[in-house]
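Encoded as structure tokens, the following chain is the form predicted on its own, with no partner shown.
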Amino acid sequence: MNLTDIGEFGFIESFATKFDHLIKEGDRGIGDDCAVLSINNTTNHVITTDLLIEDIHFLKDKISAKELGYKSLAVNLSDIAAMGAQPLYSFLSLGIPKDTPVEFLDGFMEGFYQLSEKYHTPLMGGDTTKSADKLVINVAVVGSVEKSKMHLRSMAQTGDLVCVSGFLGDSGGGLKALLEPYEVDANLHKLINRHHQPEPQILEGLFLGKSEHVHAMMDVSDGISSDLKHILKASKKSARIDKEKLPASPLLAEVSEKQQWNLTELCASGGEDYELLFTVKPEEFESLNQEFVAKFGKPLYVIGKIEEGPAEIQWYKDGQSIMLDKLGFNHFGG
């Protein structure tokens, strides 16, 4: 058996439960956007870590050093946001090829600092080592959340609305523009920027985390078609998603029409948007949305509903059940 036979998540599932007996009561290990450590009767610390490898997660000749530093922290802060938590500290470890220009590293750290300052999240330590030939980046972030305001993937309830906090597919469009031989115009450049410099939804996560009517929550890192399945599996629920309700930005819609891209496919399976995916009690959505618009100047989007059934997504378009051709990202997926 090879890794391609089981994929990234099959590999994780093969060992995750072996450590359960070592985890103390009140803590939570593998299975959510962050690990959870109980600090006292009212507070949890949440911890996340992400690994970024050159030519796998980023193309060094396509992204600026400053953008790469910014994004390296952003993807971790997004996990903190998905728990409804406030980031506290970060840690950075780098595997650096010996011929890396110091100016590149200076730019990287400037981008990392820029986002650190924005969310008051100081860099507290880490490690550096020599890499054979590729840049390797590992970031860890610690956050804090009140126990009563933490949202887990396992909290979805039957009848909940499935919602997202913003547009989907822009980052996937940016990656498509990078990988295919397009002549990059102003609009494609904007999509590439959204891929290279995502904005973690920290304030939005704190806002949603305070609502008792918001149940499960996570971030959109691998695409709705992949990420929602984690909520369904943890909550032992099914979901109905209406493809025509997936929110696309006017920018992505315009580019998709011009380039003949499949817009709904990008919205469903494009990763690295780092919006929040969450479920909410249906009768409370309108008031929650009104407050959200008043605070952030943008709406929340309903894309479907949680139902009883196996942990699968039932895709619909114009009221008819359909198949989704492309799934979200999965390392080692065959």
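Sequential numbering from 1, following the sequence displayed. Source: prediction; values computed, not measured.
Just so it is clear, the following notes concern the form predicted in complex with a small molecule, a form of the same protein that is not shown.
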Contact residue in the predicted bound form, chosen from 309, 26, 31, 299 - any heavy atom within 4.5 Å of the small molecule: 31
Position in contact with the small molecule when the complex is considered in the predicted bound form, options 67, 50, 265, 54, heavy atoms within 4.5 Å: 50
Candidate stretches 57-65, 32-40, 284-292, 300-308 - the one whose heavy atoms come within 4.5 Å of the small molecule in the predicted bound form: 32-40
The small molecule in the predicted bound form reached by all of 12, 79 and 153, non-hydrogen atom within 4.5 Å: yes
The small molecule contact at residue 219 in the predicted bound form, heavy atom, 4.5 Å: yes
